[in-house]
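Two forms of the same protein chain are encoded below as structure tokens; each is given separately, as structure 1 and structure 2.
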Structure 1
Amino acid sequence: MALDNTYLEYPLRRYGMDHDRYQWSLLAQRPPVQWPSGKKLALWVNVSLQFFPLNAQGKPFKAPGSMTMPYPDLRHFTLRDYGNRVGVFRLLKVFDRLGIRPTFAVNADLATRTPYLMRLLRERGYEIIAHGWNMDTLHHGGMNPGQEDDLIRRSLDVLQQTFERNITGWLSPARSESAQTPDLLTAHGIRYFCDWVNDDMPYAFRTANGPLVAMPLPTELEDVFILMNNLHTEESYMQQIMDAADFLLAEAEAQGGRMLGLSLHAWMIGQPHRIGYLERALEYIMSKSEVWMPENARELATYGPWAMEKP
């Protein structure tokens, strides 16, 4: 039986896509982006610092890395805690040696539980991205808008009090969103978010409460995705990062500046048998004279044409 014509009538139907969140374009056809001093590749390193509740409800789904065994799943709970007790300090040593300025996406719940770690990050002046409340408070389509609005507000309040500054970046736990999440984020002063992974470059994003910048943080190069989900070796993880850097540098020669985003988790990549492979990959990238290390993700979000486009 043929569908009624009303099924084909959609007010936002248009060439390229069927929504108006951003202007549709092909990356290869955009005007070239010029990074400072003629650099070809911007490196953005983000470390997610997370709290996984021992009594996780897993609604509407379990976030990657969540508890999997019957309560109390102390095996996985303590492994996640390892990242905030041990792994993150190994990462800091690597960053210090190579001159890398990372951003840190922080669960607000963790900020209330690890004052020493938060004080260290504050003293070092790192850019802090709000990472929601914890890894069991997911933003999703079945959520009441008022409940989600309160969750965002509560998360930002705790982080802004902890770090004594405005928080303007956001990464949802498990990158899970509802349809209204971007609109609620801009209502609370968020200027860039890292949930959408449909590009290699930042781009201007439209919301009901003003412009937002989408900062793609690639899932395909994420440590948890490669090592835990895909079960690749640490050496393969290292090689994939270096391959991505080489390809983007070559592409930038013809098409303008490119961005390489790396998503790290202290409980995963901070392990003693893994940290060396990350260090070798980052050392390889930083040895390239064409690589630009911005001060933080906010600098990238406010640098290019994406920061100037208006809805």
Structure 2
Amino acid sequence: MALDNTYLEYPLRRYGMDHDRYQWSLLAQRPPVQWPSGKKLALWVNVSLQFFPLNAQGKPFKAPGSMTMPYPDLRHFTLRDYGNRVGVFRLLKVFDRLGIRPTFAVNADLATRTPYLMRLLRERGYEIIAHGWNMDTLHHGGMNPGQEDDLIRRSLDVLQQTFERNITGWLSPARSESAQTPDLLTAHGIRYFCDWVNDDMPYAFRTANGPLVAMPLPTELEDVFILMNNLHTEESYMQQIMDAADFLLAEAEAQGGRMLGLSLHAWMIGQPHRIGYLERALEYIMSKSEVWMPENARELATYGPWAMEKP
């Protein structure tokens, strides 16, 4: 019994990464970032607004939150729809009260189904991040590049028409990508994306069609991950956000500006028994004078050295 000897060959065992998408660098050794007015921690809150098809195929895998029961899984379909009908309005109240300017990552398929909600978001002037077509249309390895190109074009067309503006941010459904996704995104005018969770600060990402900024939107601190995947209590979710903010603020004192990207889902955190814990965590963060609330994610993506650097 033996493996093919190529299993003991390591052609990419070299300095830096085993791919060419970005430079290897230690966060702690980068030049300190200065936020406006000497602030220490930029807060970025993103709400994902999603459509989970009832007839989910789960190819090549089911997105977290997708259907799990035999068709028709009305249980999960309606629980997800709840976020777009009820949960999001609860979130808007919290944001209004605390002066938070969120971004919304929107499935294009949802935009066609909820024109009222879309008009409301447009009138409020929120930045929209393209969130692909829907939660059962994943970008993934092995998919045909032409098909993926069409998918991105179609998603962006719908969202740009709905919101009557250019969209420059992208979040892949379930953060799933094919090998060519970043190249196709820049070809369609995307300037920053939020799929990679390898940093706590933005950094420059190389694509075949020009640079892209990778924005940190950690999964480990996401509502769905903590509450649905880990089954932690709401109280613990709140504590974890506060602890993260305290930690990053302390690190910012020593190393320069940091950011906290908070990823929310209207169907998860928008439930009546959960929203209060998010509200208290956000209240805590917003009470700190060192916290900076940028205009939107685009401002963060174009603010620092990552926007100018060659990846």
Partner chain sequence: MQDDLHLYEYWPYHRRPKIVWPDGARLALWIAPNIEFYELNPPDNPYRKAWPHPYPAVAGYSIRDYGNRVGHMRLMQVLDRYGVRGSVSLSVALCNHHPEIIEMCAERQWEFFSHGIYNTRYTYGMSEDQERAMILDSIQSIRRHTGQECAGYLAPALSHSEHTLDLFAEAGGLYTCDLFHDDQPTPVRVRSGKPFISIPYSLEMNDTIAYVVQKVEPRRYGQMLRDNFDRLYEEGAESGTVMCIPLHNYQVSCPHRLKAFEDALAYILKHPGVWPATGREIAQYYMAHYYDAAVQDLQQKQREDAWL
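For numbering, take structure 1's sequence and count from 1. It should be emphasised that the depicted structure is a prediction, and the values quoted were computed from it without experimental measurement. Between two forms, the rigid core is the largest collection of C-alphas that superpose within 1.5 Å.
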Item checked: Number of the structure representing the form predicted together with the partner chain -> 2
Note to self: Taking 2 Å as the cut-off, check whether the CA of Glu295 shifts that much or more between structures 1 and 2 after a rigid core fit.
What the structure shows: no
Check: Core overlaid, Arg14 C-alpha shift between structures 1 and 2, how many Å?
Finding: 3.4
